[in-house]
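For reference, the chain that follows is the form predicted on its own, supplied as C-alpha cells.
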Amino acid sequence: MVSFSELTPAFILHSRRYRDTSLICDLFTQNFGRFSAVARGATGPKPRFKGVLQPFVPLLMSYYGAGELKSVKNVDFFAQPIHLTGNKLLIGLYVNELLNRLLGTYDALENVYMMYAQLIRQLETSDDVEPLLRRFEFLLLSELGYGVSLQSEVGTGREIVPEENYVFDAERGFTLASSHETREFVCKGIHLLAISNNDFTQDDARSVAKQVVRIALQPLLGNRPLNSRILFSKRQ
C-alpha cells in the first residue's frame, strides 16, 4: 500500500487562504482520490512551493498527519504545467468544480484520475474542446455508477430507433416520447446513437449531449449552482 509520505501524482482542484500564510488545497490524487491538505507557509514574503500550487499543474506530492485534514510535506513537478486560457480555462475550472462536488473523500478512482489528466492535456492542444468535455462527463457519470444508456430504452430494452423521439429522466433513462409529450427536452434517436459512437460532428448531437448531461448531473449536484457555470454565462 502506498504511504501518504511517498510522492504521489496529484492535481490541485481549488485552493483558499488559511490563516496568515497558508493555503487549504483541495487535491485530486491518483492513489488516494480527492481530499484536502494544508500547505503551510505557502503565502507571504517567502512562500514555500512558490508558483507550484496552481490548478492544471501535474504534481508529485506527499503529506503527513493523522487527521482528516492532511498537511502538505513535499511538492515537485510531475510534468510541464498545462496552460489554459479563455473558454478552455473556464471548462477546466468547471471540471475541477465538478470533481470537487461529486467525488467522495479518499476514494481512489484511478480511472477518473487518468481521464481527468488526459482531458486537461487535450484541452490545452485541441481546437474543438466541446466533444472532449462531453465524453469526459459521460465517462465520469459511468465511473460513479450513474451511466447513461444511449443505445436502448429503459424498461423495454428496445434499441434506440434513429427516426423516433425520446425523453430522458435522470433516474430512469430514455423512453419513447408519446404524441402528447409536453416536456421541453425531446430528442431524436439518431442524435443519441451519434453520441454513443462519440460522433459530435452535428450541432444537434452536441446540443442533445449537453442537455442529457445537465439532466443527469442535476440530482447529484443538488440545488446549489456551479460557480464555473455562472462565470461562463457572464462571459457569453
Partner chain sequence: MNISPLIDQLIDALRCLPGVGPKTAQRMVLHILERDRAGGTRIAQSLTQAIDGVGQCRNCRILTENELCEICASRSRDETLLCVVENPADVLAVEQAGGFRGKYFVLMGHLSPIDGIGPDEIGIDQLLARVQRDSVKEVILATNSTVEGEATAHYVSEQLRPMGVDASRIAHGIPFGGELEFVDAGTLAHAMDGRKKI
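Positions refer to the first chain, counted from 1. The model shown is predicted, which means the values in this text are computed figures rather than measured ones.
Not pictured, yet referred to below: the form predicted in complex with its partner chain.
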Quiz item: For the chain shown here without its partner, which stretch in 129 to 137, 113 to 121, 161 to 169, 85 to 93 has non-hydrogen atoms within 4.5 angstroms of its partner chain in the model of the complex?
Solution: 85 to 93
Exercise. Please check if F77 has a heavy atom lying within 4.5 Å of any heavy atom of its partner chain in the model of the complex.
Key: yes
Quiz item: Within a 4.5 Å heavy atom cut-off, is P55 in contact with its partner chain in the model of the complex?
Solution: yes
Quiz item: Given that the partner is absent here, does P45 sit within 4.5 Å of its partner chain in the model of the complex, heavy atoms only?
Solution: no
Exercise. Indicate whether L13 is a 4.5 Å heavy atom neighbour of its partner chain in the model of the complex.
Key: yes
Self-check item: Candidate from G155, G104, P81, G147 lying within 4.5 Å of its partner chain in the model of the complex - any heavy atom
Solution: P81
